[in-house]
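Below sits a lone chain in structure tokens, taken as the form predicted alone.
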Amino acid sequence: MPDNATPSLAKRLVCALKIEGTLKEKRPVHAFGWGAKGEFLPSAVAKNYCRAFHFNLARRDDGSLVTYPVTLRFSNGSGEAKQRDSWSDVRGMAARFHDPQDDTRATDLIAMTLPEFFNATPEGFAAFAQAAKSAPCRAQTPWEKLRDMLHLIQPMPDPYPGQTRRPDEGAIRYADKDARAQLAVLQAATIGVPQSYLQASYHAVHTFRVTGFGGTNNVRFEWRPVDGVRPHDPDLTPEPGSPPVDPDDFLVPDLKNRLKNSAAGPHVRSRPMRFSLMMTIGETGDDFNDPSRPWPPRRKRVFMGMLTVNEACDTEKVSFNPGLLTDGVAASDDAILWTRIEAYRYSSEQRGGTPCPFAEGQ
């Protein structure tokens, strides 16, 4: 663990992220969401790059391919006490891969729709979390918007109907002073709303070291929906048989409805419920320990496998953790990653989450 990633700092970070008035049993961020189960089929080349169990393409005695069970949680990024699906927000996708031949072995991959992180150091992230606390907000007057435009400043967006607090103003003020936070703050401010949890791309953000037949590489992971990324259209006509749409609570019902239709058979399946897991390999000159900096786009990308999401389930008590890794995958020296590992553990204890049965010794 890097020296500047300490358990005490992780606790302070969790306290800074927790919004006053939220339920104790809720996570400080990504408070609202729902779970699912799926199966992961690794690609034919995955094991060449990583020897981890879930990247081993193997066959059973009957000749069928081995798939790896996956436990998932999709979520909104906010820690607010009330769910607001129609508000622009970072969404999350936590995945736990299980070894069907060894029920004591599992590994997690935590991802979100934001491609980069808010800071490069734990201290910087803690300062950002404190500055970006939810605070009272109001709509700018036309004159204030004109003033900003004359100064080449993007005016603040109007609050959503019923929105009286938000983190935007504080986040922007912080980013004005810290250039490392500017990219992620800009992306978060314009990220919008997905049509479905199943139609968004999710980025693991941090660098991991993976080891395979060809040696060790520094990599970043990303989930890409097979059916493509699609922003939410509030005027979209619901499909026949779909439940009424609540603008504040439609992502979880959509997830359950799609998976219910998927299980009913291909004759009613409207969209593939699949994600491709892509792995980008870093090169000399890339920053492996700063999740706030993107890598150049011309990096080698490897298709590592296909996830099929097939059943909705409750995973609210499951304690995911980006540090739950397995042989073949190791954490980089990214201090933010190590701080998040400690923060996830502390948050789980505080909210009474189910202790991870796989974490001991890993």
Partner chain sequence: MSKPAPDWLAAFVDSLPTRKWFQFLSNWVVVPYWHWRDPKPVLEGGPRPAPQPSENLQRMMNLVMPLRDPSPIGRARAAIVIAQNTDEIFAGLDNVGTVHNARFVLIGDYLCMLSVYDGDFSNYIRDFIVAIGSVFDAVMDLVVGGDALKPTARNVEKFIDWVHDHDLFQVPDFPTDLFALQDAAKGLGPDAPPHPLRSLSREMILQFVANPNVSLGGGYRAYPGKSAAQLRQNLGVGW
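Positions refer to the first chain, counted from 1. All of these numbers come straight from a predicted model, not from anything done at the bench.
Not on display, but discussed next: the form predicted in complex with its partner chain.
Look at 174-182, 246-254, 87-95, 67-75: in the model of the complex, residues with non-hydrogen atoms within 4.5 angstroms of its partner chain sit in 174-182.
Checked against its partner chain in the model of the complex, the residues 142, 136, 215, 162 give one hit for a heavy atom within 4.5 Å, which is 142. Proximity of residue 155 to its partner chain in the model of the complex falls within the 4.5 Å heavy atom cutoff. In the model of the complex, none of the heavy atoms of residue 290 sits within 4.5 Å of a heavy atom of its partner chain. Put simply, residue 299 is close to its partner chain in the model of the complex: some heavy atom of it is within 4.5 Å.
Interface residue remark: residue 148 is counted as part of the site for its partner chain in the model of the complex, having a heavy atom within 4.5 Å.
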